[in-house]
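In structure tokens, the next block holds one chain alone, the form predicted alone.
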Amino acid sequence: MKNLLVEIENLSVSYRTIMGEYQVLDKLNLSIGAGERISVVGESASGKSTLGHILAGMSPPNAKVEGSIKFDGDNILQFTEKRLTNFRGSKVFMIFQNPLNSLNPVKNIWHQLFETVRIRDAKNSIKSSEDDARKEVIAVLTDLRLPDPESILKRYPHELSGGQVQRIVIAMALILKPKLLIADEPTTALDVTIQAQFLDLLKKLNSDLGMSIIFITHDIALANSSSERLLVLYGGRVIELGQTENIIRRPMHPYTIGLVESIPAGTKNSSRLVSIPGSPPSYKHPLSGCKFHPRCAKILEKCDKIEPGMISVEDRQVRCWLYE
């Protein structure tokens, strides 16, 4: 493990609704090293985005959060709203699935990037002139390979392509230089070529700035090309955790095996893709035992009665009775 940046202990998150209280994360434990790249994968409603939002200090008002998230040794779950405001951006930055949601539709790109510079300067008790800020912003956009930065700065978000908007959001991260970047399904709206360019930019942030990155995705193939470690979530539970290369090459949990087998081989002679039967577990009707047991082809007698803990097996941890 690299120098420890984030330590999550027994993180549990429930949402209070008019239909009752539903638990979406259950006693999650994870350590993140400085400069480390981690992917979080799983189906919809597995708890991936909830983890990202809580870690970014954006807990929804109807959320009940328990446990501990230590960032540089401080538990952010105990921060006041004022301290959380200072924490966001300067320490952690989040890229969302639709980057347009991160930009103001009625202000041009220059106004929004200049405002980002001012926010950073205010937190560091300095003040850049507008000319210096403009030079910095243009340099950042040039590094991000945006053609004609001066023209880009005059435009509004709706006048840019999806790939250009993603680069503007990354420019904000480059200006703020947070220690942790959380990318929540950031490539969903991008074509394959732009996806590859975006992942290259994330790796550049990681290598050039030593920035830790959490890549949240349902696509295990993208996770394979973007991270050093892989965390597999199912029904709010971590079910497999280890080095990405090792898990992709030899998955252990039956659910992870299904995810890996669903990756297209890319050849005409490849066998038919394997799908996982059934549906993800319902938060309204929690299951006893292993949450995956109704869909598992390797179910044991006790799987529907007793939930396994995380078991250390060789190069990883896995939550499955098969490795007791």
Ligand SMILES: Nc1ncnc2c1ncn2[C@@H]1O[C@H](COP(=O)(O)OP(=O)(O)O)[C@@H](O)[C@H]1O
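All residue numbers refer to positions in the sequence shown, first residue = 1. Because the structure is a prediction, the values reported are computed rather than measured.
Here the subject shifts to the form predicted together with the named molecule, a form of this protein not shown in this document.
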Please tell me whether any heavy atom belonging to Pro277 falls inside 4.5 Å of a heavy atom of the named molecule, as the geometry stands in the predicted complex.
no
Mark Gly47 yes when one of its heavy atoms lies within 4.5 Å of a heavy atom of the named molecule in the predicted complex, and no otherwise.
yes
Asn62 near the named molecule in the predicted complex, any heavy atom under 4.5 Å?
yes
Counting only non-hydrogen atoms and a 4.5 angstroms cut-off, does Asp26 reach the named molecule in the predicted complex?
no
Since the partner is left out here, which residues of 96-115 would have a heavy atom within 4.5 Å of the named molecule in the predicted complex?
none
